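A lone chain, given as structure tokens: the form predicted on its own.
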């Protein structure tokens, strides 16, 4: 249910601070008054651990900070803490995320609104610390909500919305916020920090209601149901994910009214699309170099733009159809891979194609794999992406090829 807030009530008393994406998440943990935070270091997520530890040491945050013996343990800690009514936070990256996978899968199945970040990095082997999205995307079919941040400001704002949306009784699902490793986790930007009073207005106290695990409320957690009830439980999770779309919209509307941020849409961010004929589509920090390229191409007379996805789960199918159907061709940039998938495209490429499949009017969809392992998407690469997208506009079947960009021969 939407919370009544006064428009732009608290913006004038916000403070500004230079901070990284990880530090912005730590501030969100403080503002959300998290009860239990579990931690285990792995780059590039571990910057949150360090920033949170400083806030605690300086007397600015009171949280049960538990350093676990591994990634699996830390996700188990917050899962159980959440079941007894604690607001929680946890995070990991890359192969550490995979080490916790049993606990990650069970958390979604139990409908526990754990909030996590995944500091996106390449999966070993071969070893790399740079950005890829396959770690977060591995949970896309399990029942986790998956937003992606572009800036440190958006990282903080999405975290506050994550507790609001995940803890809503209509949803009660975990949320994993994607932060591109190094590009966002460790680069600093000016961030507006809201007041505690404003956050308290936006974010109600966590209440599991009759699902609270407590001696006075004898309930069963994680029962063995086998074929008797498993399909019914899966369907309940499906219904919760469907409801999450409107809950995200409500949270976005209240957040924008209170803080004046978030853009026109909770799900998509559009840049120079009003008269665009061709756009690129992607998520995370790749939007930053693409915006530079768009401004340069606009000066040369090209009608190009950008559409950035903010929430991968729930996938905003209606919003994507409405937005992308306006253009002649759309280049989908994946900072991930899906080996053996249809047309050998990335995850985002095939999701967008699926969303547009039944539409009578649909653009040519062209797939691009770029920026893997933290490789920069440089301006010549951006130009190549736009040129290939424009060239494909006249033939919808030309989108059946996925291009790898910036690969040495």
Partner chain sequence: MHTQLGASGSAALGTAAGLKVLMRKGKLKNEKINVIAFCGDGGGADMGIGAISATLTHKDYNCLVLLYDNESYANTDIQLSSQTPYGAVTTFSPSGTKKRLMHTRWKKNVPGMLAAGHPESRYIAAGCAAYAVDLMNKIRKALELGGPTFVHTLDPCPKGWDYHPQYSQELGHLAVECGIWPLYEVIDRVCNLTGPTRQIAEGRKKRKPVYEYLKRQGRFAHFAEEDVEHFQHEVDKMWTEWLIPGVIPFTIAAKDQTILKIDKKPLHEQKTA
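Numbering follows the first chain given and starts at 1. In this text, all values refer to a predicted model and were calculated from it rather than measured experimentally.
Omitted here: the form predicted together with its partner chain. The next part is about that form.
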Heavy atom within 4.5 Å of its partner chain in the predicted bound form, from candidates 245, 298, 72, 257, belongs to 72
Which pick from 222, 190, 231, 292 sits with a heavy atom within 4.5 Å of its partner chain in the predicted bound form?
222
Proximity of residue 77 to its partner chain in the predicted bound form, heavy atoms at 4.5 Å:
yes
Would residue 106 show up as a contact with its partner chain in the predicted bound form if we use heavy atoms at 4.5 Å?
yes
Taking the shortest heavy atom distance, is residue 86 within 4.5 Å of its partner chain in the predicted bound form?
yes
Its partner chain contact at residue 214 in the predicted bound form, heavy atom, 4.5 Å:
yes
So which of 61 to 69, 372 to 380, 44 to 52, 352 to 360 is the stretch with heavy atoms within 4.5 Å of its partner chain in the predicted bound form?
61 to 69
Please tell me whether the candidate spot formed by 177, 184 and 270 is one where all three residues come within 4.5 Å of its partner chain in the predicted bound form (heavy atoms).
no
Stretch 135 to 150 - residues with a heavy atom within 4.5 Å of its partner chain in the predicted bound form:
none
